[in-house]
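Quick setup: one chain, the form predicted alone, written in structure tokens, and binding and motion questions come after.
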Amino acid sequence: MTIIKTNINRRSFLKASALAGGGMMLSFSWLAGCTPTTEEALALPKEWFELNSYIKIGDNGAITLMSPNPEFGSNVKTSMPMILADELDVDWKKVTVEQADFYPERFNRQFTGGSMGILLAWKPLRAAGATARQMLVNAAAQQWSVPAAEITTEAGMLHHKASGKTAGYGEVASLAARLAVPEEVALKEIKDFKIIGSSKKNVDGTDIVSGKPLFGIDYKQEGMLVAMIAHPPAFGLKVKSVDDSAARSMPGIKDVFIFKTLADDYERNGFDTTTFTELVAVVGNSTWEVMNAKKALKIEWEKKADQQVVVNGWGGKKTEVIPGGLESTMTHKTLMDEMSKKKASILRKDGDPEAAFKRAAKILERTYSAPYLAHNTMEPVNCFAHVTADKAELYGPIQAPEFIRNTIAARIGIPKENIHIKLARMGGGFGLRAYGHHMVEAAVISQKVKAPIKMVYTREDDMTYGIYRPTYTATYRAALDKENNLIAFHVKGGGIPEHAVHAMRFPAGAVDNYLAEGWSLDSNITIGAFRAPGSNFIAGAEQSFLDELAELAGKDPIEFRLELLERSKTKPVGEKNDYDPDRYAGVLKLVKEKSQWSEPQPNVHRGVSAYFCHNTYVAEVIDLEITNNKPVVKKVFAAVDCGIVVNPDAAINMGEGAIVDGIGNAFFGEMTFVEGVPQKNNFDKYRMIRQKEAPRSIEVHFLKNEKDPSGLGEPLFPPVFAALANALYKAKGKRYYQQPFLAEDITIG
């Protein structure tokens, strides 16, 4: 049995109060009872220790569990309350889950991203559920005049075996609310979980399939107008003048105007990521009328000069350069090729790599590259806003409302405590919704027209606005001795405007002589987080290279990786390796078993990949066939170590989605530019994976252990790229070094 403290410090507390109509509410810090390591604490902003939420237990026994985090398909709205409910020991069928609005005074730091939701919430949610259960037990003990230790709970009921007394939670909830919060509580043993580890349906599932309004795009309000924006057609341009005479004369149009989203001297936060800070708004009665009026605008654009902006982000305050000019993909490739030949920043160095390469019997060197990618969420960017003289109400898809509320307050001049953000269920996120420029735009437009408005992007607006996955490149070199042992490893990665090298990850720690370097180039093309940031590229490059290296060494690709992991376990190099070799090897062994790797099948071409990111280990095998000269992904096997799996069906669904997403991006994903103009602005040009191109079968297997849960929404995405590339090599007899693979010689109908 694990005994935990319910209070750590002034930031970490639980507080009980009575409900007006009878019953109990327990407010709690999401990190109460949590004891993060020094490294974990330093890696998080201090404010993340102020996450609060609550449990409501009505006098009729009804249980309401609040879900503070925004929901965009990762199922946190179901799995987080499951953790609470299990420790609380209630019947899941009697639980109601409510999506909380953004209430920093009550919840604080309501953020979805980085595959950290369950990881950060695991201990505090368990602590809160266990505390509420203990308070109910204490209330029953007081009411029945029996020792609390003699009372047991099950499915929302309290039992005292000796006296035969029973009561529902609701019957003692009001009394429990008046009791002191216990200083210590006992958590359940993992073997006693009844809800955690069992599959539960999405709490919004029925509403989603029946078409009930859950998303921002659905929202309507009496007297609401519709707004759209026009942004420059190219990165590096700005508005010079607007002739709006034709648009203003069209039916239903209320206003057309130029507006700024950020003040010139505004100090940005890490999520104020936007190049286009001056836009043209068109406001009218309906989407169709506004869309047609927007087409009638005659806008003259001019080039922007170099710009410097102050950003106070995760790494502290710094000045960033946004260069002027009109950038093109071909120019980027030339610049990146030049930079890859120059000296770069050393990120890690073990041993003497230079000397090892000089004495090598074999040297392998390969360069990999990947383009910008657009998020292309199925729900286009949108936001409702109603700004009055002293307050603002917003409703829309957003992953990080805390940061954008500060930006809105600074821009419209209303105190942030008077800005109320309702959290819509998001129709896709993948990192895009962490950036709330659309909320600022909607608020400014509403304030200007003095009316409630819903701002909607067209797909073309959405796809050409930015917040792309950066473009990357990486060169790998490896040295083998005469016995085909790996004696040196060198990775040099760069990108625009950042590199993707994770210097402390595998195979660092498994090679005596290791060198990791990184470089970057400034750009005015806006980038942001994209599912498994950085890892989504570097995993594909690294694991493709390791596959080719294994072939050069004459070794099976899985066994080659396992040998390196055994070395990093028994004789690790360095002390800052950020992976556990045993857990890494565990997923490789499991995927080898489940895929029957050692039993080749006729006409089936197999590729393997494994990667660690977001605290989770994943290995994948892709089975590929060539049909009518086209590659067809027949089956994907995935082995995952993410600790305890809270909701297995939901976890499998997330894994399947990440795998399909990865295959689509690996085959087709690409955004290119000519003189600053995005060359793809809708799905007729920006190719997405189609239903018939998805794998015929996907198996997701989880290693069973009792480790605390870690990330799951992102880690299954990065390994896909290399597993697919390695399978293609087996099928086509050539290696693939540039994404998307379609751009080389693959044709898929």
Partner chain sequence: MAALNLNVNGKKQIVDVDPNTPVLWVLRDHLNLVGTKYGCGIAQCGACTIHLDGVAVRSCQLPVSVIGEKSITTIEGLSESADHPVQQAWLEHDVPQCGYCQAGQIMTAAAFLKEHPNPSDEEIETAMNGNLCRCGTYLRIKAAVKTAAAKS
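Remember, it's a predicted structure, so these values are computed and weren't measured experimentally. Positions refer to the first chain, counted from 1.
As for the form predicted in complex with the partner chain, it is not shown, yet the points below apply to it.
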Check your understanding: Three residues, Ser241, Gly270 and Ser523; all within 4.5 Å of the partner chain in the model of the complex via heavy atoms?
Key -> no
Review point. Taking heavy atoms only, is Pro695 within 4.5 angstroms of the partner chain in the model of the complex?
Key: yes
**Study point:** Glu563 within 4.5 Å of the partner chain in the model of the complex, heavy atoms
**Key:** no
Review point. Does at least one non-hydrogen atom of Leu136 fall within 4.5 angstroms of the partner chain in the model of the complex?
Key: no
Review point. How about Pro631: is it within 4.5 Å of the partner chain in the model of the complex, going by heavy atoms?
Key: no
Study note, to complete from the structure: Exactly one listed stretch (425-433, 128-136, 363-371, 514-522) reaches within 4.5 angstroms of the partner chain in the model of the complex by non-hydrogen atoms, and it is 425-433
Practice item. Taking 4.5 Å between heavy atoms as the contact cutoff, choose which of Ser198, Thr672, Thr458, Asn312 touches the partner chain in the model of the complex. Key: Thr458
Review point. Which listed residue (Ile652, Leu262, Val645, Ile487) meets the criterion of a heavy atom within 4.5 Å of the partner chain in the model of the complex?
Key: Ile652
**Study point:** Contacts with the partner chain in the model of the complex, stretch 669-707 (heavy atom within 4.5 Å)
**Key:** Asn682, Phe683, Asp684, Met688, Ile689, Arg690, Gln691, Lys692, Ala694, Pro695, Arg696, Ser697, Ile698
